[in-house]
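We begin with a single chain expressed as structure tokens, specifically the form predicted alone.
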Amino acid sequence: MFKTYSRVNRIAGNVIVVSAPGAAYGELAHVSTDAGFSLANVIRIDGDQAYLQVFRGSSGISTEARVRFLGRELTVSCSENVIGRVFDGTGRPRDGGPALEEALVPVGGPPVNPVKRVIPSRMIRTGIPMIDMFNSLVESQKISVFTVAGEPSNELIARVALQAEVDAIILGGMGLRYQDYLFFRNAVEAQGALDRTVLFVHTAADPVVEALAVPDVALAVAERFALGGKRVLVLLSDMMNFCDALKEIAIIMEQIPSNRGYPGDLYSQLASRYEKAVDFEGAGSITILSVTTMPGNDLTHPVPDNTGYITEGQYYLYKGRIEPFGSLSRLKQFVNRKTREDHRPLMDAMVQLYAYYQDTLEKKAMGFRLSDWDRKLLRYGRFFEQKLMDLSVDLPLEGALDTGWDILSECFLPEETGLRSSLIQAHWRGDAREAITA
């Protein structure tokens, strides 16, 4: 028997307070509004007082509203029928299709026991050289794209979604502009990837608090697919909007603020989602790639700062490119030794030479005289940025490695690269000039 209460004690932003003895933390409720009803869930219990977060916002709710507790947590359908569908942040259809009621599972469960995890060992190829060659994405990894406003982060993760060698893609969008939502949807439809994709989309026009449910819903579906043997890639954009929603609720709840007003449990809130990345023994896996937009390109901001401690690296997207400095995949060593013998040494040599190129740019800007070595570095840096760093470049890993050798062979003598003689003998490109200028 569902318990119904007809008195709301207090309304503060998107949180309402009801005297409801016996209500449970995380329990769902229907709250009547002028337009019908809205879902809410209990986010705090204080004696007999239940604090409920209303997903669709408190607009239209009065103190006379009826609140009916459902005796269960938020659930989402994890059947194969969700493939190719678009849902809102709480799992309701956004694409005009029917609601799904089969294979319902609760969202927001605990991460997998570490004892049941498998050490990451398989690379996820994306066709993006700055990922595959320099900071490989590893199956079951949790990693974020650190960027600033205006950068093509959505275009980047859309390319990853279309080209990643995985069985299923789950996109969790938080605070997306409507055109960004349409971009993601049209991209997967146009490339024929909708048959392996599920979208959970919260737009900027939706109530802010609804963004809080998106990661949990997306990861609940991912976990069920992974247990069924699928290799799942979860894309979350933008985690800054998720954290801002946490901040809004914390302010409404009158919690003592921490750094820059964010709640004191920000680290735990982020970790409870990111730690869902896992490789199940004898089953599938969950890999998490998120976007974190940094206000003012500030790495010390609480959100990227906490994210950096939780995740296993980051891709630094700046000026339309994934920068080799600031980007790091802490798990790449598990897979680089399994690709090609020249992968790791070539990557190290090219990054080191690119660092020399950056120094030469400063030298040139300050008006110093340039040596022949400096001019070689300037040419190298230009080729490196055009042939490998540009996000429009689409190459398999082996093609990216060969392009790296082309660039080195065009710009330097073999002994100037710092690479082993055995590697140079095996891979030095005699026809580099034709390859570079093609």
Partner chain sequence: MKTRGAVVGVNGNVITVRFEGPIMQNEVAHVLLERGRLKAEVVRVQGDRADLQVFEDTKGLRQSDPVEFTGELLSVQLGPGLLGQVYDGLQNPLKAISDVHGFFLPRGTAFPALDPERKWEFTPMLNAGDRVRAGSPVGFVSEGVFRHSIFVPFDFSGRGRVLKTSPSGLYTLNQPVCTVENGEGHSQEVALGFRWPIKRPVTCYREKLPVRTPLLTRIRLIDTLFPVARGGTFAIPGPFGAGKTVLQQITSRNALIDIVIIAACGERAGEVVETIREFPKLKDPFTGRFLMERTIIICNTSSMPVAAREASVYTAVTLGEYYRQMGLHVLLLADSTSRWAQAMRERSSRMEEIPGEEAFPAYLESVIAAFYERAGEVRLAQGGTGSLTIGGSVSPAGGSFDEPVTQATLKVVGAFHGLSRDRSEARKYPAIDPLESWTRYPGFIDLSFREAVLRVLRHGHEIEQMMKVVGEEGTPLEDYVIFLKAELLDRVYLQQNAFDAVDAATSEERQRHVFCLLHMILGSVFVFADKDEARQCFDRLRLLFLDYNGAEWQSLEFQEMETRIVERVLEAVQPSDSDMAESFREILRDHDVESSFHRSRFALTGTSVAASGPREEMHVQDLQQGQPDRG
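For clarity, every value in this text was computed on a predicted model and none was experimentally measured. Positions refer to the first chain, counted from 1.
The discussion below concerns the form predicted in complex with its partner chain, not included here.
Engineer: Does its partner chain, in the predicted bound form, lie within 4.5 angstroms of each residue among M174, K247 and L378, using heavy atoms as the measure?
Structural biologist: Not one of the three qualifies.
Engineer: Could you tell me which of 388 to 396, 401 to 409, 24 to 32, 59 to 67 sits within 4.5 Å of its partner chain in the predicted bound form, going by non-hydrogen atoms?
Structural biologist: It is 24 to 32 that comes within 4.5 Å of the partner.
Engineer: Using 4.5 Å between non-hydrogen atoms, is P304 touching its partner chain in the predicted bound form?
Structural biologist: Output for P304 is yes: heavy atoms within 4.5 Å of its partner chain.
Engineer: Evaluate Y315 for contact with its partner chain in the predicted bound form, applying a 4.5 angstroms cut-off between non-hydrogen atoms, and reply yes or no.
Structural biologist: Flag for Y315 set to no.
Engineer: Is it the case that P111, even though its partner is missing from this view, gets within 4.5 Å of its partner chain in the predicted bound form, heavy atoms only?
Structural biologist: P111: yes, in contact with its partner chain in the predicted bound form.
Engineer: Consider Q163 of the chain shown here, and say whether it contacts its partner chain in the predicted bound form, taking contact as heavy atoms within 4.5 Å.
Structural biologist: It does not: once its partner chain is placed as it appears in the predicted bound form, Q163 has no heavy atom within 4.5 Å of it.
Engineer: Here the chain is shown alone; which of G84, P93, P152, G308 has a heavy atom within 4.5 Å of its partner chain in the predicted bound form?
Structural biologist: None of the other options qualify; the answer is G308.
Engineer: In the predicted bound form, which of the listed residues (L156, V198, V335, V107) lies with a heavy atom within 4.5 Å of its partner chain?
Structural biologist: Exactly one listed residue reaches within 4.5 Å, namely V107.
Engineer: Let me know which residues along 277 to 301 have a heavy atom within 4.5 Å of its partner chain in the predicted bound form, or say none if there are none.
Structural biologist: In sequence order, F280, E281, L299, T300 come within 4.5 Å of the partner.
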